[in-house]
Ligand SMILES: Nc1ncnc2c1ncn2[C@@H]1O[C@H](COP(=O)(O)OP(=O)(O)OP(=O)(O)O)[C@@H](O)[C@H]1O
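Take a look at this single chain, the form predicted alone, given in structure tokens.
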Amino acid sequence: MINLFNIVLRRGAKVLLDKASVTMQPGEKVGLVGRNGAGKSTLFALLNGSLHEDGGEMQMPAQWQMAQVAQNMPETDESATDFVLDGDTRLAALQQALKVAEASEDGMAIAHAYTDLADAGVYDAVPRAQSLIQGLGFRPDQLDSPVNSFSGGWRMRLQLARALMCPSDLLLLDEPTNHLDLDALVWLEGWLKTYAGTMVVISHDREFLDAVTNVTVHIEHGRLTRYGSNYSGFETLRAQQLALQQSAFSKQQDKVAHLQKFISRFKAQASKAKQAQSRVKALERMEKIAPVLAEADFTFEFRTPGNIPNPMLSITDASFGYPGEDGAPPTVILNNVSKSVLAGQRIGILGANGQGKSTFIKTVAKDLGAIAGTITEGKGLRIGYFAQQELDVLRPDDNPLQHMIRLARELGADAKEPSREQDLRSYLGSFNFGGEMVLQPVGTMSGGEKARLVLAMMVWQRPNLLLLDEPTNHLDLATREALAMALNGFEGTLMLVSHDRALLRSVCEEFWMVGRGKVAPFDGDLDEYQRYLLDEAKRQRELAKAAAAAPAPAPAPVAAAPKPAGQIKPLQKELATVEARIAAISVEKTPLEERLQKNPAASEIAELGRKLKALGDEAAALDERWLELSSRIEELSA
């Protein structure tokens, strides 16, 4: 087990943990929660050995092997498969031991190395690595692509796959869902549910925590408090505790009453549609934990829009995609889209990775132009756009005040809020940008602080149409709840792309599916969408297998010279011989490998190791010859 006893941890002069104690049992799945700055990442550093306690004692089994996601951006020309395969540190060590044994021609050591490699799963290592890679959203044709060919978010997915590849007794995951879309997230949940070791995870995705954890450790006021439940159970228990603290609770009554009044009003008006009823359940959860929400030190709300056109947007026979470069034709992702966006709609945009969700939102936001068709805006439309990458709309060298001043100048007479510098400073203070932070360059801020600044800029404009593309990336749980409450009070129209299912459930009343080149209504709720994702992933795997197994299509008939049959026949004969020998080697290896599993005498182990190595070398040479013969026959047959 992991036992922390009277732990003291400091960051500079600040005490993060003060005589804190907690125990984590083997096999437990622990969610580590607390406000930003409470000490979650510092506690991770203690667990992984990169930081030592300033007081107290930590006990952990010395033989435990630990795995965690490296936070650096990988820079390598290795293929995706090889990069993830290297995450299996035991396999890498055994392969190195085999090389040393072969170099010294130590037959006994060679035999032991082969036995250990078989025990470590060397024969299915590549399929296991590729299964992890594809589960996290990569296509089969990307398995051999260099790591450097992928964008930053995709490289971090490979870092996650590499950590999952490592055999471990303790798995540490710090925000593992940050770079994932919903289909990869669903896959990851399924994988983690089968993980046999002890897991500690930091996440701001409450549904993810509910799915993969059974214990919650809360960091607050320098203490560690253990709850024997997932995040929802923790919320309920904590709300009950706060409700018992009457002096603190009485100060929150106005907030609680306001929240409950809003929830009651919506529940009375909600339709019987699955999506609306799903939202009712999400709001009932918010009502139940109102004391926790009211305790939050950051809340905000959207101003009432000046006017709300109806329809907001009319999209007619539109195609969405990207313009071509250097005269090349445009890349079309979505075709023949005809939709109307009406006043008051609350739309969740669903779809697998790469199907065009962000492209659709970017085009509506006018960051991209429509490839074809028309997008007609209602009179007085004011769009508030939250880009998936916050820096798409932020300048790293400028501070929050400069961003607000520039925004006020751009809007000019259209600005609905006071725009004097002192007014802007006061406004930024309501979003927790106070004191010197108003003048801090954005490039030095955390992801959560940048996201909060984008929210502040968006709210200040008093939009009547919100376009939100993954707004919860980098937001902590308290800020996510604040966003959900603000969106529930927003009187305009909302279009939301998010992998945060709790947010989708609580603010959306209908869903649109983006996929296979179309935008269409999705009539189910998020649970049905999750089942759809699993079915779709299975279908894609089956298609990939079928494509790999299918023979190459016959070339179109053309006038051609007579085939050099005299050259092809000998090659075909040799190819058949090679294939037969490859099959025979596979048969010969099986009893040798089975014999190694039965712990034979040392002399026999050495002999079996030599035979297996000889067969392996012969098979590798035959594979090369098979490829050469196949290519030559194909050339002559063309």
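Given the structure is predicted, the values throughout are model-derived calculations rather than measurements. Each residue number is its position in the shown sequence, starting from 1.
The next section is about a form of this same protein that is not shown, the form predicted in complex with the named molecule.
Checking R162, H499, R155, H204 for any heavy atom within 4.5 Å of the named molecule in the predicted bound form turns up a single hit: H204. The partner is absent here, but in the predicted bound form a heavy atom of S41, alone among Q65, N48, Q572, S41, sits within 4.5 Å of the named molecule. At a distance threshold of 4.5 angstroms between non-hydrogen atoms, G448 is in contact with the named molecule in the predicted bound form. T89 falls outside the set of residues with a heavy atom inside 4.5 Å of the named molecule in the predicted bound form.
Interface residue remark: P26 is not counted as part of the site for the named molecule in the predicted bound form, having no heavy atom within 4.5 Å. The shortest heavy atom separation between N36 and the named molecule in the predicted bound form is within 4.5 Å. With the named molecule left out of view, the stretch that reaches within 4.5 Å of it through heavy atoms in the predicted bound form is, among 206-214, 437-445, 135-143, 517-525, 437-445.
Taking the named molecule as positioned in the predicted bound form, none of the residues of 306-331 brings a heavy atom within 4.5 Å of it.
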